[in-house]
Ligand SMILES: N[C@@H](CCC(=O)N[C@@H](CS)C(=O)NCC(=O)O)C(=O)O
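Given next, in structure tokens, is a single chain: the form predicted on its own.
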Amino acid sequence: MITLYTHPMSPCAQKVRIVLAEKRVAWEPKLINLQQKENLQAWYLKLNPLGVVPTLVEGGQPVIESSIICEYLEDCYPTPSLRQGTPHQIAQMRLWLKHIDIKLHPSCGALQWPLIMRPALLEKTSEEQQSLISQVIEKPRRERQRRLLDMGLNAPDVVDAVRTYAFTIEQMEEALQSQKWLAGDHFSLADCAMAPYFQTLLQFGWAAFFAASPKVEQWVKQVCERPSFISAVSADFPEDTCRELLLLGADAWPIIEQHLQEEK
């Protein structure tokens, strides 16, 4: 049995759950409380020295880093294949995975963190806040969290995040002109990996990000209708959670919209 250390709103965990669902592989969830920094506790750091989710454990051996986990699952459970097509298409798939890991994931974090993680930290003393953030393993992520804690949605990271999302949607719209999915006509790891980053936009009611991109809009619709997305992502968002997130998104939208208009 696979054990997955996960969190419902982590896009990295979501994409692994989508792959597991696509492949119909059984797994056991272990929820990690990110708001309370459970991911930085010593027992978890033994599994994942980076202190992030997800972590997949199979046969007593942990596998970390979500894109690596996805390829691990493709290697272990090759049917149905999520890595098919010509060598060029597979290379394009991996290029999308790299863009998501390096560019889009930090951008998604900059948008989500002030709304989801920051309120819990603001309830603590300044000393407690800094003590928790100082435990974040990677310096860029640690310093980004400090800026987001201090400045919220007015942090420069949020401005950059909006710009990265706009660029990503532009590139997707171009790619989808000639093919159904991101790396060809087959649903692939690239689509699994990209889907959670649009869940973030949808959960906050920010579909305006891609409203002027019809191909992307259609892609989002197709992804959200897949059984894998419904079971691996949508099922973790009960109605009361959806209402709360939409309210958070509505309150934040004037600032996000301003950043988006400035980008245009």
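As the structure is a prediction and not an experimental result, all values here were calculated from the model. Numbering starts at 1 and follows the sequence shown.
Heads up, the form predicted together with this ligand isn't pictured, but that's what we're talking about next.
The candidate site formed by 104, 174 and 213 is entirely out of contact with this ligand in the predicted complex, as no residue has a non-hydrogen atom within 4.5 angstroms of it.
When you look in the predicted complex, the only residue of 223, 201, 57, 34 with a non-hydrogen atom within 4.5 Å of this ligand is 34. For the options 52, 195, 70, 232, the residue carrying a heavy atom within 4.5 angstroms of this ligand in the predicted complex is 52. Comment: 140-148 is the region of 165-173, 140-148, 79-87, 119-127 lying near this ligand in the predicted complex, near meaning a non-hydrogen atom within 4.5 Å. By the criterion of a heavy atom within 4.5 Å, residue 19 is excluded from the residues contacting this ligand in the predicted complex. Although the partner is absent here, residue 236 is not a contact residue: none of its heavy atoms lies within 4.5 angstroms of this ligand in the predicted complex.
Interface residue remark: residue 217 is not counted as part of the site for this ligand in the predicted complex, having no heavy atom within 4.5 Å. With contact defined as any non-hydrogen atom lying within 4.5 angstroms of this ligand in the predicted complex, the stretch 158-191 contains no contacting residue.
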